[in-house]
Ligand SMILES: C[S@@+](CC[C@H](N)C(=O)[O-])C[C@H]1O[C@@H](n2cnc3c(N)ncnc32)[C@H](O)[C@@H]1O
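One chain follows as structure tokens, the form predicted on its own.
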């Protein structure tokens, strides 16, 4: 399967304008080192794929990963809450003539989410061998349903973003409002997304790995686009803040560019039966 050279996504949006038009694009140019969080996630998923397994992709988006996995398994179901993403997923499935994929609109919610209507996972009881969750819903939203549809020995493989922790040392030198552009979640919060519902369910067979992913931005302009550019609330035109960004890149940049770090939580869970 493809390896990742960008911090956030595959590059199919560069080849298919429909993907970029519907929100699956990161328009700055950057690179990440080999062995990054996305690569580790793919490698872990590959350990459990086999021709006779049935897979569920949670939060499948426009189905890019779903369609890649389809070639390596018997069947795969993708669930997603956004109808526009599913429309594109079905278009791509038909164009690629993939016959072992189904997509469903499902807005997963737990019993404590009073503002959202709970929806069950479509597959039947005892029908899924592998659950894949790449940046998808947190575990408490679907754990009970996953246990219901899991076969003996079923496993969940997940990847959650943990934010830019710690914030880059040059953060305070950015012009406002770009200092607020970095997502930061504590390690305890993100690991709690996995551990807390497992403890409630009495599940102890799980593993977690924190991965540090350095993203390299080569120019002041790429840093500007990465921070949101003029699309950010109260954002500035590039020419107005280019001197400040150039100063940051010149002072803190390496031979590969200026570094923005991302934390990824990679995890796997064996479900009881």
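Positions refer to the first chain, counted from 1. Treat the numbers as computed from the prediction; the structure is a model and nothing was measured.
Missing here is the form predicted together with the ligand; even so, the following discussion is about that form.
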Within 4.5 Å, heavy atoms only: does residue 137 come near the ligand in the predicted complex? yes
For residue 56, is any heavy atom within 4.5 Å of the ligand in the predicted complex, or not? no
Quick one: does residue 129 come within 4.5 Å of the ligand in the predicted complex, counting heavy atoms only? no
How about residue 182: is it within 4.5 Å of the ligand in the predicted complex, going by heavy atoms? no
Of 143 to 151, 67 to 75, 185 to 193, 129 to 137, the segment with heavy atoms within 4.5 Å of the ligand in the predicted complex is residues 129 to 137
Which of 101, 108, 156, 89 has a heavy atom within 4.5 Å of the ligand in the predicted complex? 108
